[in-house]
Structures are given as C-alpha cells and as structure tokens.
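Same protein, same chain, two forms; see structure 1 and structure 2 below, as structure tokens.
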Structure 1
Amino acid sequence: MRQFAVIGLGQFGSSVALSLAEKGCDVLAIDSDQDRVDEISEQVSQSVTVDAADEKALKSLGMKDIDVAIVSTGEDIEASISIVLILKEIGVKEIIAKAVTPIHGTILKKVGADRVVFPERDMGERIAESLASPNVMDYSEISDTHSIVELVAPKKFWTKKISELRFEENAMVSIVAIKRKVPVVTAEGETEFREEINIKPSPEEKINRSDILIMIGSFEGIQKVRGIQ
C-alpha cells in the first residue's frame, strides 16, 4: 500500500490527510502545532509534532519509505519551499505542494515539486462558475483547454434523446454520465428520491426534467451548451 505524508495540517492539509485515512491509506500527519496534530492523531496511522522546515527534524522522521508527500504549508511560502527541497533530498518519490500564488507555484516546481495545486484558486473558480450560472452544479478544469461540468439539464433537452440533441458535433462536448433523481416511496410511505448515475449513456437515452448532465468538452463548447435554456 502507498504511504503518504501530509505536512501542514491547516484546513486543506487535514482534509487531505483525513480523506486518505478514510480510504484506508497509511498517513503520516505532520505539523508544528500540537493542537492541530492532536485533532487528527486518532484518525491517521501516525502523527508527529515537528517543525518540518527544520532540515534535521524532518530528516529524523525517516521519510524514505514515503511514496507521496503533500506539502500544505502554502501560506508560509518560505517554509513550503524549504520542505520541498528537503523532501527532494531525502528521496521522497512524489511531492505534491500547495501554492498560494502563480510565482509560488513556479518556484515549488523548480525546487522539485512534481505537482503543484492551488486549492483556493480552484475553489474560487468553482464558486464563481456556480454563481455565474446557477444551473452549473460543479465545474473543474482538466487541462488548459478542456473542462468537465455538471449541468442541470436545460429545458430544451427535456424528453429528447441524446442523439437528437445534435450539439456534440457542433460544440465538441460529450455527455459522459447522467445523474438522475428517481422518485421512490420509502418504507415509511414517504416520497423521496434516489440518485442514480448512468455512466456512458446510450444515444437513445432520453433526458429527464430531474437530470444533471456530466459533460466534458472544450471551454468554448461547454460555454455554448451552458447558454442553452
């Protein structure tokens, strides 16, 4: 099993550490703040209170066996750069670092981070997307040109088959899945709904009023589909 180390247990770091632990991964959680370490210690395999920017201290943890280290001390730019450098020197196989600005990201890559993430920026983009178009349930850029979006099925699509929509060839967008809320009656006799996901729906699939379409496509294509009412 892959071994993870999460350095910096702020909101992002602790959320990553807990999610990995929930998935059954071995997680070593590190922070210089004892309270933060205490908060998470029971849920992860191992936790240590140490200043990770201190080269000696970090090396003493014997992190050679760690497969992936997540450096989430983004706000302390100097510390995150030092930690990436030390981890690289130790020989950690993969280093993922959180950055707060594009320049910070560039530096982290230059000093050895294999991947740089911008959680605040990404979350900001997602929130802006959903605020700008309330029918967008979720949005994520998967490259510089393409994104994946969860969109409430526009009225124009209701009762139509996917093959009848004819937007795919025009907009270079594909429906990769449909989330559908299906009405049910509970054991108590109450009405409720159950969410079903249809991965790779057939062209004959009809779009329902309660559908959420998961689509992948170019920014322009997605933009076109979002404009459809």
Structure 2
Amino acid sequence: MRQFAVIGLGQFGSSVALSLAEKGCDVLAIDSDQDRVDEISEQVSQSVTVDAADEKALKSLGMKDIDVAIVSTGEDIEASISIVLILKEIGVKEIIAKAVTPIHGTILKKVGADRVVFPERDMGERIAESLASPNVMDYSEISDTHSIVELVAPKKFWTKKISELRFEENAMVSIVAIKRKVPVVTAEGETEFREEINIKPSPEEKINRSDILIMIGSFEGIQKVRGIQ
C-alpha cells in the first residue's frame, strides 16, 4: 500500500487527507496547529503536531519511507518552499505542492516539486465551465493537452450506439464511463431510481436521454463535443 503524508491541514489539506483515508490509504497528517491535528487524528493512520519547515523535526518522522507527500501550506509561501526542499533532500519519491500564484508554482517546481496544483484557480475554472455550459456537470484538466468532462448526453446522441457517434475518429475523444439512473423496486414495493456507472461501455451501448457521459480527450476534441446539442 502506498504511504501518503499530507503537510498542512487547512481546508485543502484536510480534504485530501480525509479522502485518501476513506479510500483505505495509509496517511500521515502533519500540521503545526494542535487543533487541526486533533480534528483529523481519529480518521487518518497517524497525525503529528510539528513545524514541518523545521528540517530536523520533519526528518524525525521517517519521511524517507513516504511514497507521496502533499504540501498544502500554500498560503505560507516561504514555508512551502522550505518543506519541498527538505522533502527532496530526504528522497521522498513524489512531491505534490499547492501553489497560490504562478510564480510560487514555478519556484516549487524548481526546488523539487514533481507536481504543482492550484486548487482555487482550478475550482474557479471548473465553476466557470459549468456556468458557461449548463450541460457540463464537471470538468478537469488532467494534463497540458487533455481534460476529462462529465457531460449530459446531448439530444443528438439519444438512442445511438457509441460506435455510431465515431468520437475517436472525429474528435479524438473517448467515452470512458456512463452514469445512468436505473429503476429499482424497493423492499416496500416502491420504485426508485438509483445511479449506476458503466465503466468502459461497449461500442454497442446505446445512449439514453438522461445519461451522464464521462469523456476524456484533447482540449479541442472536448470543446467540439461540448458544442453538440
């Protein structure tokens, strides 16, 4: 099992730590604020109150055995840079760091972060995408060239097989999953609708009116599909 360390238990860091713990991951949660550590202590594998910018203190936690460290002390720019430097020296396999500005992100990469995230910017972009395109349920960039989107099936797709849409040929976009409401009869004899997800649907799968399509592809391809009514 991969071992994670989350350094900085603000809103973003706590959310990451709890989500990893819920998925059964081994999580070491670190913050200099005792109250923040106490809030999360019973839900993660281990929690420690320590100033992570203190090199000796951080090294004493056995960080060399950590597979992925998430540095979420973004608001304290100096501390986040110092922590990434220390983690790099220790030899942590993968370092993900939160940045608050593009310059901050550039510096974090230069000192050793393998990946830099901008939670506030990314969330703003996702909200803007959903507002600009009401049929877009969720949107996330997964690289410099590709993104993943949850899209309400356009009317043009209804009753058609995936193979008939010829996405990969025309737009270099793939449907990787379909969310669908299916009727279920409860123990009380009532009918209710529950969401099921079909991972890697067959090319012969037909698109229903209320389906949510999870699609991955190039920015241009996703943009093309989003324009279909």
Partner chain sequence: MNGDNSQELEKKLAQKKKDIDTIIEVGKFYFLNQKFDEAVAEYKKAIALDSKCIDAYYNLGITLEAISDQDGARDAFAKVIALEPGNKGALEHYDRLVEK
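Counting starts at 1 with the first residue of structure 1 and goes up one by one along its sequence. Rigid core (definition): largest C-alpha set, two forms, superposition within 1.5 Å. Worth saying up front: this structure is predicted, and the values here are computed from it rather than measured.
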Worksheet entry | Number of the structure representing the form predicted together with the partner chain | 1
Practice prompt. Going by the rigid parts that rotate relative to each other between structure 1 and structure 2, point to the one of Pro119, Asp76, Ala53, Glu22 at the hinge.
Written response: Pro119
Worksheet, complete the sentence: Here the smaller rigid part turns relative to the larger between structure 1 and structure 2; that angle in degrees is 15
Worksheet item: Once the two forms are fitted on their rigid core, how many angstrom does the CA of Thr159 move between structure 1 and structure 2?
Response: 6.9
Fill in: Inter-form CA displacement between structure 1 and structure 2 at Arg194 - rigid core frame, Å
3.3
